[in-house]
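Take a look at this single chain in structure tokens; it is the form predicted alone.
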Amino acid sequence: MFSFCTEPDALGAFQWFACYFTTGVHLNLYWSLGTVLILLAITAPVSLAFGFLGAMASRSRILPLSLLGKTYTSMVRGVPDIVFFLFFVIALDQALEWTKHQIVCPDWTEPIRQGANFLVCPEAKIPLGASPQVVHEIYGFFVAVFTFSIVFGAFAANVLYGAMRAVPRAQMETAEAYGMTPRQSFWRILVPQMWIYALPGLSNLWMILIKATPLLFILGIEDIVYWARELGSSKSARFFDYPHGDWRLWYFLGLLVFYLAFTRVSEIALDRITKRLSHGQNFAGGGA
């Protein structure tokens, strides 16, 4: 905060807003913006990795592996995101604590399931109750990353599976005629060519992932939508140094501009990637 912010009532309009937007609570808003960007930066490649593994499993000739891949994509895509987030986070958290409980508290005699309660020994809590707040926040963040990756990895798997099937069979037959093994054909012929078919679907998935970030509040993370609502609500002079009316419209308008700008930058980047991947390729409908 600036040095002239000691007396908010005596400030001019510009200085008042300068002080208002640099309060500690607004720093939480800026930090949550960075959290969203970091989430996207980590979740996108991890989701793509889950999707690639799911697509490989779905097209496998090993029946159990194929069933596993198809079950993963069908089950996760068939459940609403908000329901999956609520269920999966609780299930994952309890599974980790139950596993740790079996290791660190082997002499525990009380039942873990006590009616609707799930009780493990204090040493099995993840994170521990005495851990600093930052540890709890980091744990919650990585649970969010993993959950988002599982959900969007299923959609990515479906897109990549279709892209693999879209590569002309003649390409693979030519590779076999040259003596390539199935593994070599997959990595040298199929994978490099499938991306141009997968990119439209992956582009849409990226846009959906951006729009899904407000679901972070379900996982206990205070995101930019949460802080925009909190900061935009009415603040009275009795309890706040910078009172104002209901400014939620302006805060949410700022979020609207942010998301529109971010998606526009994404569209430009994805368009350049598409042109680069399609360079020198001919498609059934005619290509450059």
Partner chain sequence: MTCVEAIQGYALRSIGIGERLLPREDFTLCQQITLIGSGVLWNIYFGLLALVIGFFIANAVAVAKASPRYWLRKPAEWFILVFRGSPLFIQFFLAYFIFLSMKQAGILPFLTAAQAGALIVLILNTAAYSGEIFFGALRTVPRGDLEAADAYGLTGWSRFRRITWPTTMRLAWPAYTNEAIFLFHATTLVFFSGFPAQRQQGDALYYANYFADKTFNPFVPYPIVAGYFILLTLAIIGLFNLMNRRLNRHMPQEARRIRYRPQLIR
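Residue numbers count along the first chain shown, from 1. The shown structure was predicted, so the numbers you read here are calculated from the model rather than taken from an experiment.
Form predicted in complex with the partner chain: not shown, discussed below.
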Looking at 185-193, 171-179, 99-107, 155-163, which lies within 4.5 angstroms of the partner chain in the model of the complex, counting heavy atoms?
155-163
Is residue 252 a contact residue for the partner chain in the model of the complex, using a 4.5 Å heavy atom cut-off?
yes
Is there any non-hydrogen atom of residue 271 lying within 4.5 Å of the partner chain in the model of the complex?
no
Give a yes/no on whether residue 276 approaches the partner chain to within 4.5 Å in the model of the complex, heavy atoms considered.
no
So, in the model of the complex, is residue 60 in contact with the partner chain at a 4.5 angstroms heavy atom limit?
no
Taking the partner chain in the model of the complex and a 4.5 Å non-hydrogen atom cutoff, the residues of 80-100 making contact are 80, 82, 83, 86, 87, 90, 91, 94
